[in-house]
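Next up: just one chain, as structure tokens, the form predicted alone.
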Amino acid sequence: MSNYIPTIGIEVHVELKTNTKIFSNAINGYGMGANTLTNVIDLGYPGTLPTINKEVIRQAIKAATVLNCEIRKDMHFDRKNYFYPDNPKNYQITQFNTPIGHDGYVLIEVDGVEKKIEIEEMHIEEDTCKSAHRGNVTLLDFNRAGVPLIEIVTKPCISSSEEAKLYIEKLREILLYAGISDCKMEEGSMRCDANVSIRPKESAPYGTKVEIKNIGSISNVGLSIQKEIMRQEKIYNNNETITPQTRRFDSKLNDTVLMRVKETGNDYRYFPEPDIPFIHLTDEDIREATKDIPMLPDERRKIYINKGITRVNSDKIINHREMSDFLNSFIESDLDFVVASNLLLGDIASYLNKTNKMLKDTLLSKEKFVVLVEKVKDNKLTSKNVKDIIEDIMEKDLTIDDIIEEKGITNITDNSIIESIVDKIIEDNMESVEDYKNGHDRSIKYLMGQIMKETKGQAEPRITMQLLKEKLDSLK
């Protein structure tokens, strides 16, 4: 166990899902040839003027709302002045003094305990272009220059690498459901920086902060922070001094490596952007931007759990947005959500994965799904039956009853009939019965197999297993 207390703050850059860039009419896209999605504004040509994309403001209002932020109604953009090859104007347009959102939070659950991760601010800014290093040459791709970003900055309230990872997972989940970003870290549409320090006790002042830049995956967020904590602990234990610096996570080394030492603080000489008017948001602007926010993951999770679905299965459904939306269409009905979720996560998900289809690409209607759930719930269809007919359910414009008739499915659900078959199998397999009585639980699977063989798979499995176990236990 560590003798030090970590203090962690996280900054996340998220690209917004807009058709065009923040200050130009160039397409906001990904995966195209280098420098094909750009124009003179993105390239920083002298004399060009930025024009604010209203959709960016709308999306930022949505983001601030779902992150429980206070929304600033009067705001302006600022120039952040610095010189770097990926920044052709030699300044970046951002929000410094008037971020659109502030004092928000995201709730995470750590070992069953809810914790509030406080968001200090959320501001809008433009992305810079992308650098590609080829030996001694650096190439610049301006497709990313001018892509709209929101930067979400937490307070230094995160206490461990696990909390940091849970926060990024929850943040990604919320923004995906709100339709604000696709949050693909592997494509750079969600990028994470972490500030890490440690101290010997709560009453001690904060330690020297080290920044880890551009962490490229959620798992690496936790790993890079943990590695940095361990590095700083080793330095303190050797009675050495931690130097303020910027590091990056090297996935090949599975460790952080030094980028540069911070000898002096950065002076970005912020001042209000003179080419963009100040912005005033009205209550109507906020209502209009937030009217189409869907039900968010935490509310869905609460509903699913209240309807009997396990936490694990609730999370799995939420991770499959289309499946969650489909299930939500039955919230006001008396559908058995446990049976429904098992079908969706089981045979239906298996079919979708095998065929590489979405639910909308199949012939599974809401009406057909309700009937399927009811028949499984009432033991009129076994799990084997569902596996046998799932392709017909998803691909044929037939009712469940039509499919059952076409397949010639008949199941034995009468308890008295099943009981007589169970008695016969027990009588014919006393050696296996003795094995069960002696604690060899595998023998019950053999007996169950013999019953299924006797009934040609038509005995309802749950009823049959229950009766078999009751009979065997009575013989002990």
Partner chain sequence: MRYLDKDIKEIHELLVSKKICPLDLVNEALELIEKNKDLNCFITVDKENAIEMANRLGEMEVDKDNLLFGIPIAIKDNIVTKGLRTTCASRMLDNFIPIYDACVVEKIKELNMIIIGKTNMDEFAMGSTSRTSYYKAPLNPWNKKMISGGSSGGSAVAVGARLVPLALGSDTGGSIRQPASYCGIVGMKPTYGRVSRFGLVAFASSLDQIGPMTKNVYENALLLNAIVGRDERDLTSSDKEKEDFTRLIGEDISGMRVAIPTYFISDIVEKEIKDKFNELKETLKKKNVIIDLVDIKYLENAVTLYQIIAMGEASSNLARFDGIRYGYSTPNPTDIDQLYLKTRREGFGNEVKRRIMVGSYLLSGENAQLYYNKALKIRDDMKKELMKVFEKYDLIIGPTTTTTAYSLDSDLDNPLKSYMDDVLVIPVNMAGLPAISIPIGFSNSKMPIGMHIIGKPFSEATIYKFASFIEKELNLDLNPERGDKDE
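Nothing here was measured: the structure is a model prediction, and the numbers come from that model. Positions refer to the first chain, counted from 1.
Absent from the display: the form predicted together with the partner chain. The rest refers to it.
Contact with the partner chain in the model of the complex, defined as a heavy atom within 4.5 Å, is made by none of 326, 338 and 362.
Looking at 80 to 88, 180 to 188, 281 to 289, 303 to 311, the stretch with residues near the partner chain in the model of the complex, meaning non-hydrogen atoms within 4.5 angstroms, turns out to be 80 to 88. Residue 140 is the only one of 235, 71, 404, 140 with a heavy atom lying within 4.5 Å of the partner chain in the model of the complex. Checking 332, 202, 114, 267 for any heavy atom within 4.5 Å of the partner chain in the model of the complex turns up a single hit: 267. With a 4.5 Å cutoff on heavy atoms, residue 32 does not count as touching the partner chain in the model of the complex; it lies far away. When contacts are judged by a 4.5 Å heavy atom cut-off, residue 378 does not count as touching the partner chain in the model of the complex.
The shortest heavy atom separation between residue 450 and the partner chain in the model of the complex exceeds 4.5 Å. In the model of the complex, the partner chain sits within 4.5 Å of a heavy atom belonging to residue 48. Taking a 4.5 Å heavy atom cutoff to the partner chain in the model of the complex, the contacting residues in 267 to 283 are 267, 269, 270, 271, 272, 274, 275, 276, 277.
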